[in-house]
Every structure is written in C-alpha cells, then in structure tokens.
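Each of the two blocks below gives one form of the same protein chain as structure tokens; they are labelled structure 1 and structure 2.
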Structure 1
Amino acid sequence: MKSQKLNRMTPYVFMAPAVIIMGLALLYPLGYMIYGSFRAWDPSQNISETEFVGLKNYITLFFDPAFRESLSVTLTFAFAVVTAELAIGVGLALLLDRNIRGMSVLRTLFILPMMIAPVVVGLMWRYMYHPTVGTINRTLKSMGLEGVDWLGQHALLSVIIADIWQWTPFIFILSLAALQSLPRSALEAAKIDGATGWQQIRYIKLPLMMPVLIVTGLLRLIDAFKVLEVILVMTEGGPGLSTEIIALRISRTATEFRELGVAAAMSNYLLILLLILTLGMFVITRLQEARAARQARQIQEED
C-alpha cells in the first residue's frame, strides 16, 4: 500500500522543481505587472512608494486616440501577415510535397530567412526600400517605372512584406511536416475513387492538416502582436503612428514618457487580447475535432 502511494507521488515529486521555477518565472512578473498597472508609477520611484490610482490608467488608455491607433495598426499588421503567411506557406508545402531531386537543398534555402536576426532583417529591408539607392526602386527605374516611397506612404505595407518574407518559412516547414505525416491510405483510396488533385487537397489534405494549421496560425498570431525589432529598425513607428504597434508604444511609454503604470496597463490590455485570441483558437480546434469525430461515426454507420 505504501509502495503504491509512493509510486503515484513519484511523478509529482519530479515535476515539482519545474513547476516551482515556472511559477516564480511566470506568475511573479505577471503579478508585479498587474499590481503596477493600478499605480501612478515612474522609473524614479520604488513601486511601494507609488500612489494607488485604481483603474485610472486603463480608463486613460481606453479613451486615448494614440493607443486606439496603435491597436488598430497592430490588428491590421497581425491579421495581414498571418493570413498571407498561411496562404503562401501552405501553398508552397502542397506544391513541394513530392519527391524532387535536390529537395533537401531547396527546403534549407526556404528556411534561411527565419534564421536571420530581426535587427538584421530590419536593416536589410530598410536599405532595400531606400528611395534612391535601394534595390527595389532601382529595379523599378530600370524597368521605366517610377520609384515608390516605401517607408513613407506605404510604410505599413513595407513592414508587412518584410515580416511575410521572414516568417513564411515557419508556416511552410510545419505544413510540409503535417503533409508528410498524413495517412497514405486515405490519399490512395481517394485516387482509386477518381478524386482529382484539387479534390484531394480540399477534402482530404486540408481537413487532416487543420489541427496543425490552427496551432501554427495561433503561434504566428501571438508572435505578430509582439513584433518590435524589425519595425523599430525600419520605421521607428512612423511616419506618424502608421506603423507603431502596441509593443513599440509600450516600450516608448515606459522609456520615453516614463509612465510605467500606463505601460503596465497597456501590457495587460495586450495580454487580455492574446488570451481572447488563444481561447477562440482552442474553441475552433475543439469544434473541428468534434466535426471530424461526427464524420468518422457517420462513415462507420454507413459501412
């Protein structure tokens, strides 16, 4: 009896150090940020010396046009890059899911952009977008076209293109792995039944890949809300507030404006938004799993 109890407790004993470390590393900073968001706090003060202001920081942000503009830019940027990266990444995976000579080299080339440091990516695209000596405008002029003010009139589009270039390989690699792990029996059965290539993609490959695609899209969506270095290097949030996402505004509020309480409240707004998106994705995943289970039961009943 005693040995059985000891065996049941063994996994928890081994997990305890990791749980404690994760709790201290995650919950303490989170609690500190939440506590600081209710106070009028600047870097010259210890948080225990600050004045409690309740929900003032949250209310101020709610009615702040600059914060709402940053939120709008963040949502536009995040959903644009994730949508484009999913479409391009999954499309490339479907296109390259075959035995082609030199495929391993091709895959390595595809994932190179995501290996480059964000600061380097920002500098590289900033020079490429240069109005006079940039590679893109020089190419346009060599074709008889006028140069484009990429980091001026089209600043948000420019940073979206840079992010798509860097992170589409992430979607591509995971999508290709999901494709190659699909049960070949289902694909062979579809071929025998006369399904075309497009029908196999629409009715077999994409539905079976959906759980992986949902998780992949969620990871990229969360990461897109936290992008900082590339935009900071390329545009510094300008011109105006056209590319100032929330992560950049949080950094400026804390360092330039020296309003740590407001920055903490802004971080909590971002955290709540990400939690809502995460819960929404989990609900979609559950619905997708339930739908797949119903379809499997219907097939069994028909058989």
Structure 2
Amino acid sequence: MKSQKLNRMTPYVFMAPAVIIMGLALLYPLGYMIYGSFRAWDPSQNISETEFVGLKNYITLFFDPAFRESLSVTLTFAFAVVTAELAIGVGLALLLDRNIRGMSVLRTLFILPMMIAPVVVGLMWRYMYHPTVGTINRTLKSMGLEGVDWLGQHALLSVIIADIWQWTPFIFILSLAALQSLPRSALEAAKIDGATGWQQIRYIKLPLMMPVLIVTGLLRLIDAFKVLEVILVMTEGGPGLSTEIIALRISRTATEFRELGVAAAMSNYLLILLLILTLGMFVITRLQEARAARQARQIQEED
C-alpha cells in the first residue's frame, strides 16, 4: 500500500521544488506586475497604497510617441539581428563544412564571444567605437579613410554589429551540427546525378536544415528582445531614443522616471508581443515538421 501511494505521489514530489520556485519567483511577480499596471505606482509606495487607474497607463503609452519609437527600434533591432546572424551563420557553416584539421580548436575559439559577459562585450565595443581613440576609427584613419562617428550617428547599426559579433557563433555552430548530421546518402546521390555545389545547397542541404534553422532563428529572436546590458553600457539608449529598446525603456521608466505602473504596462505590451511571436513559432514549427517529415519520407522512398 505504502509503495503504491509513493508511486502516485512521485511525479508530484519530483516536480514540487521546481513548481514552488517558479511559482514564487516568476509567476507571482508576473501577476503582481499585471496587477500593478492598472495602478498609479510610485517607487516609495507599497502596492497596497496605490490607487486604481484602470487602463490609463496603457492608453498613455499607446499614444506616447517615445514608446512608439522605442517599439520600432526594438523590432528593427530584433529582425535585423536575427536575419544577419542567420545569413552569416548559415553561410559560414556551408563554407566551412569540410574536412579540415583542427576543426574542434576552431569551434572552441568561435564559442568565446558567446561566453563573455554582455557588460564586458558592451565595454569592449564602446572602446572600439570611440570616435578618436577607438580601434576601428584608428584603423580606418591609418588606411587613409575618415573616421566614422559610430555611437553618435550610427548608434543602432553599431549596437547591431556588436550583437552580431556575439551571437553569430551560436547560429554557426548549430548550423554546422545540423549540416554534419544530414543523411550522406542524399548528398551522394545528388553528386552522382551531377548537381553543382550551389544546387546541392539549394535543393538538399537547406531544406533538410530548415527545421533546425527555424527553431534556432526563433530562439534567437526571443533572445533579441532580452538584450539590454550591451546597449545599456554602450549607448544608454541614446542618442535621442535611437537605441532605446523596450526592455531598456522599461528599466528607465522604473528607475529614472519613477513610474512603476507605466513600466508595468509597458512590460505587458512586450509580453504580448513575445507571446504572439512564440505562438507563431509553434505554428510554423509544427508546419515545418510535417513538411520535413514528408520530404524525408520522399527521399527515402527514392533511394
């Protein structure tokens, strides 16, 4: 009897610590925040002392041009970064998928950018972008070209470049792993049939890699909305609002403007946006999986 009871309770016992911690430290704060977004909340107040203002925070934000600009910066940043990293990462993987000595050393070196702390990445690039003494401008000048005011005129581009530096290796490694796990039979069959390198890529490699690429791309997209520390250290959102992504604006609204209710409403907007993207991710993944399964079956039947 006792062992049966233990058996029934076992899954709950295994799950319990995780559930408690996530509930206490993730779900309760989220709920707290949703509650707080309907109130006028100053940081010196306890939430019970705040007054209810309904949808005022949401409406203020909706019509706030600063919020809209921040939103467009966020979307631009996220999509630019993901597209560039996918293109470069996959391209590199396709190029480097060869039998060379020292591949593992190469992979080790390529992972380094990912492991460095975002604050340190921001620091390094801030130094390199410095208009007079930064490495980039000094190199340009030594080649006879003019220096560029990176963080002043092209702030968003500069930030995007820094993120590409840090995360392209992620896409690269994953694509490489995907490439190296493709069924050799299909590739050999194509080679025998006389397909050129480019045709091999377009008709066999890419389609078979699609599921992995989609998952990776969407993972990266979600993470792109979380980027904050790099931007904070490099530009603090400036000049103007040109690099102020929503995560940064939320943090600023909370600490500098001291309006926690508005910050909470903005967080909710961000979450809704991410929810839409995640749901889109699910749908597309399911569709892709079905399609890939169909294609794989087709290839196998042809063998």
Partner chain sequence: MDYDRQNPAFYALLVALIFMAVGPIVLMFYNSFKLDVDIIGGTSGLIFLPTIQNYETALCDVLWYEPKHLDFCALKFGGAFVNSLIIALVSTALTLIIGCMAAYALVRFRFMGRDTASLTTLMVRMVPPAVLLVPVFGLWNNEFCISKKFWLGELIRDTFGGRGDVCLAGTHSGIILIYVAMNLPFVIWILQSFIVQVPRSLEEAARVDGAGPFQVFFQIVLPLIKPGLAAAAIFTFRIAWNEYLLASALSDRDTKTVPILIVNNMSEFNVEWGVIMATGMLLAIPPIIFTLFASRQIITGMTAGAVKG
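Not measured: the values here are computed from a predicted model. Here, rigid core means the biggest group of C-alpha atoms that superpose within 1.5 Å across both forms. Counting starts at 1 and follows the sequence of structure 1.
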Selected structure - criterion: the form predicted in complex with its partner chain: 2
Once the core is aligned, does residue 62 move its Cα by at least 2 Å between structure 1 and structure 2? no
For residue 24, CA displacement between structure 1 and structure 2 after the core is overlaid, in Å: 4.5
Give me the C-alpha shift of residue 283 between structure 1 and structure 2, core superposed, in Å. 2.5
